[in-house]
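Coming up are structure 1 and structure 2: the same protein chain in two forms, each one given alone as structure tokens.
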Structure 1
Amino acid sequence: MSGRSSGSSSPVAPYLQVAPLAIVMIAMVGIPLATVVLLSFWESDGISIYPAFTLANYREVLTSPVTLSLFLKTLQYAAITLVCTALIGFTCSYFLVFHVRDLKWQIGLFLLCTIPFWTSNIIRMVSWIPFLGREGLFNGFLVQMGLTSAPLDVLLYSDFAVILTYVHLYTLFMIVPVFNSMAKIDPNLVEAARDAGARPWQILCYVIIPLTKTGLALGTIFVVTLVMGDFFVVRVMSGGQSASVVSAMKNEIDQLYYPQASAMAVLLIMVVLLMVSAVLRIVDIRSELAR
């Protein structure tokens, strides 16, 4: 008889309690997003923007061959980053949950993985520069070992650097949910599987991975949306040679082409929400939160 709501507290109480959050979310998320949609129908001349109802911005975005290549590039970044973060995140969580037996060590090492989350992304990105640069540590090491005759240029200011930075910044977003799902697996299940004669890889495929699905899905949503929403890493770490949807959008914003940027933004939000809802279709994330 637990889950019953208490009869003696007022029915308006939840509305009062949730009001501050609701007001901020509506004013700072709901209305601004509606504004972006509204702007996408306006006109601009590079100096100012004018209220109108035109589909020209969408026509421009949708017919431009640049749009398609931007989206493909962005999805490519997202896909490679996702594969890397998922592999690293799963392996690290697996190690923490099933190989570190002492709870204190488990929590300590987990926190070690999450602490960078609370520090500046910009600084963490910048910190790759002295490592990857022409005179950087890694090139110095390669030359010294005689593996290359001249320093490699592709390490910094390249797609490699962009993806490396993404993986560095966003693996946490995979580790945390995957670790959470995995930590909830009853150790008896693994015992029972072993008892039934399952080999280690069978336990992994038939027991652990299916039970970690929600965590992987949650991590996927985080990583994909973070990569697709980024403009700063791609701009700095590619040295201006590559562009993503949002970095192109940022250029339009800098040139005050707000309506065009908005049209691109609406398109991007639709793609992102489509992908998120596709993931949500496969797994029920609210039930994961409720556990």
Structure 2
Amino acid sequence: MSGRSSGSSSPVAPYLQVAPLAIVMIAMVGIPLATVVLLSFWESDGISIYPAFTLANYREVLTSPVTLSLFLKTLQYAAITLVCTALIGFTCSYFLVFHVRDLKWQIGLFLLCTIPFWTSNIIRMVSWIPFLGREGLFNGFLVQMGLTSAPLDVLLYSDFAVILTYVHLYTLFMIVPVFNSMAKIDPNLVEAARDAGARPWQILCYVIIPLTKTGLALGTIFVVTLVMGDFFVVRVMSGGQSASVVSAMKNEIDQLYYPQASAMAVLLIMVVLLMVSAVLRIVDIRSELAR
């Protein structure tokens, strides 16, 4: 009886199960995104928006040296932040998995990495200003130790401050997936490689890193998308001396040039999607997670 009822279940049932999530995704993501794409083809004079189809917004963005330089600057921020967070995240995860044997200590040290995230991103970002400023703690330490004769201006309101803040804010997004992937590595594989005469760097390159590529790929997606979509850190930590694509979009919105801002948003989404697609082509995350 139960077998007959299960075999005669309606083919519409799977669609009904997916429908609530699909409706939410369409309402919260699909419709706003479609609105931005549609708006990017409209015209604007800074006062009113005209629903006339035009490619002028995209032509202006793609031919503007300023806009292209902002895209390159944003990609530069994302690349440097990615390298720094990958090195820090991999090192911390490697230490926790292969050098901390006690599970309680592993959990405790891992939670210690999450403590800064118990506070607001804005608070953690602004806390660098009194530390890196000309009269800040770090410059005071350098002058008192005789390492510099005057405070360093490069520490704050510069690209260094922007990247340092990005690394501070987003390193945990690399540590979590890398630690999760590394914790699944069978210790017997490492012992077998060591017994076979492999050196530590060979074990790292040919055993640990290949088995951690899923975590590195997920961390890369998290970090890149977060950096590419940020403008507040650049505005505050650069002191207005630098900018990103999103900060330029914010300026266009403030001046009521919504179509131009929408065109920049669409191009930025395309760039991020291309980067994420490249990562997914290198690492098949779904098949790796299914193991």
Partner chain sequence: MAHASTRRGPAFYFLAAFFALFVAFLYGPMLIIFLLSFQGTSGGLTFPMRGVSTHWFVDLWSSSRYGDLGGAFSRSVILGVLSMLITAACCLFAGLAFRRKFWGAGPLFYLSIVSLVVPGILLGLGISQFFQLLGFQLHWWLSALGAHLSWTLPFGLLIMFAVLNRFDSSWEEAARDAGARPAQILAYITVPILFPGLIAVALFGFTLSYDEYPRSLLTVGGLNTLPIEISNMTTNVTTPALYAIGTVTSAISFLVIAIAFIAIAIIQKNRARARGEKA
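Here, a residue number simply tells you its place in the sequence of structure 1, counted from 1. Under this definition, the rigid core comprises the largest set of C-alpha atoms superposing within 1.5 Å between the forms. The structure presented is a predicted model; accordingly, all values stated were derived computationally and were not measured.
Original post:
Given the two isolated forms of this chain, which one is the form predicted on its own?
Top reply: Pick structure 2; the other is not the form predicted on its own.
Original post:
Is it true that L274 shifts between structures 1 and 2 by 2 Å or more at the Cα, once the core is aligned?
Top reply: It does not, since the L274 C-alpha is displaced less than 2 Å between structures 1 and 2 after the core fit.
**OP:** Determine, after fitting the two forms on their core, whether F141 shows a C-alpha shift of 2 Å or more between structures 1 and 2.
**Re:** Stays below the 2 Å threshold, so no.
Original post:
Core-aligned, is the CA shift for I123 between structures 1 and 2 2 angstroms or more?
Top reply: No, I123 moves less than 2 Å.
Subject >> L21: CA movement between structures 1 and 2 [superposed on rigid core, Å] >> reply: With the cores aligned, its C-alpha sits 3.3 Å away.
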